[in-house]
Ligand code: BMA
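Listed next as structure tokens is one chain, alone, in the form predicted alone.
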């Protein structure tokens, strides 16, 4: 099984949202209590983003909730850092808790916010876990060598590399290392960033990432060492999904395929939830063995 787009893409558009929005896109994804949950970014008419949940029994047909699940105003003591919006959630389950990392926007530039929940109703907002400018953060689903680990994408002058760091408590982070840098002269030459929570396989940690050249966003996949996650075992030679269809090429931002959520099924199948042109939510399906084969 290679990578197949769902034949009814897009699965969600702004017409599916029961309140007025400019767009719905870039969802984090998780299975909880037997249901598929998408933590969707909705851009409001004033141009600032909040998060709303879409729920499904089968992973294909989703219903969007009637109100937001998280807004900038919910962040209270941290409001100054998210005043212009919260965006692009990655969700990681560690034991019985779910950790959400997402971008907070304000006059202070983008930074990484952290919240946790055990039921997707009540949220404990921990606040920033990075300084600006930083985004595209995902946490590994278990401790490695006694530490929690995360990847993110700081911006440093013209550099747009993926970094990895470790923490004793998920709140305080150090041991920063460069994990992956854009490959010059290829589809990812301008910048890269992580696109999913890492999945543990027998061969290593598997993770989606996005690459950009000439403002065209595509997805790739990378494999990291199980015990030394700062070591790259291999990655796809080219993009695994590129903007080909009108719903991926024409929108608020043309020629963009962006993902920050996927779900691994018990049989090894993988559902990749992604957005086209910053306007919608789509689905592509594959399996874990095919993705691993691309990294060899």
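Residue numbers count along the first chain shown, from 1. No experiment lies behind these values; they were computed from the predicted model shown.
From this point on, the text means the form predicted in complex with the named molecule, which you will not see here.
Visitor: Just one of 64, 42, 270, 256 has a heavy atom within 4.5 Å of the named molecule in the predicted complex. Which one?
Guide: Comparing distances to the named molecule in the predicted complex, the residue within 4.5 Å is 256.
Visitor: In the predicted complex, does residue 217 come within 4.5 Å of the named molecule, counting heavy atoms only?
Guide: Taking the distances in the predicted complex, the answer for residue 217 is yes, it comes within 4.5 Å of the named molecule.
Visitor: At 4.5 Å between heavy atoms, is residue 16 in contact with the named molecule in the predicted complex?
Guide: The answer is no: residue 16 has no heavy atom within 4.5 Å of the named molecule.
Visitor: State yes or no: in the predicted complex, is some non-hydrogen atom of residue 135 no more than 4.5 angstroms from a non-hydrogen atom of the named molecule?
Guide: Residue 135 belongs to the contact set for the named molecule.
Visitor: Is residue 278 close enough to the named molecule in the predicted complex to count, meaning some heavy atom within 4.5 Å?
Guide: Yes, residue 278 is a contact residue.
Visitor: Select, from the options 256-264, 30-38, 55-63, 225-233, the stretch whose residues sit within 4.5 angstroms of the named molecule in the predicted complex by heavy atom distance.
Guide: Contact-bearing stretch, as computed: 256-264.
Visitor: If you apply a 4.5 angstroms heavy atom cut-off, which residues in 79-118 are near the named molecule in the predicted complex?
Guide: The stretch touches the partner through 88 alone.
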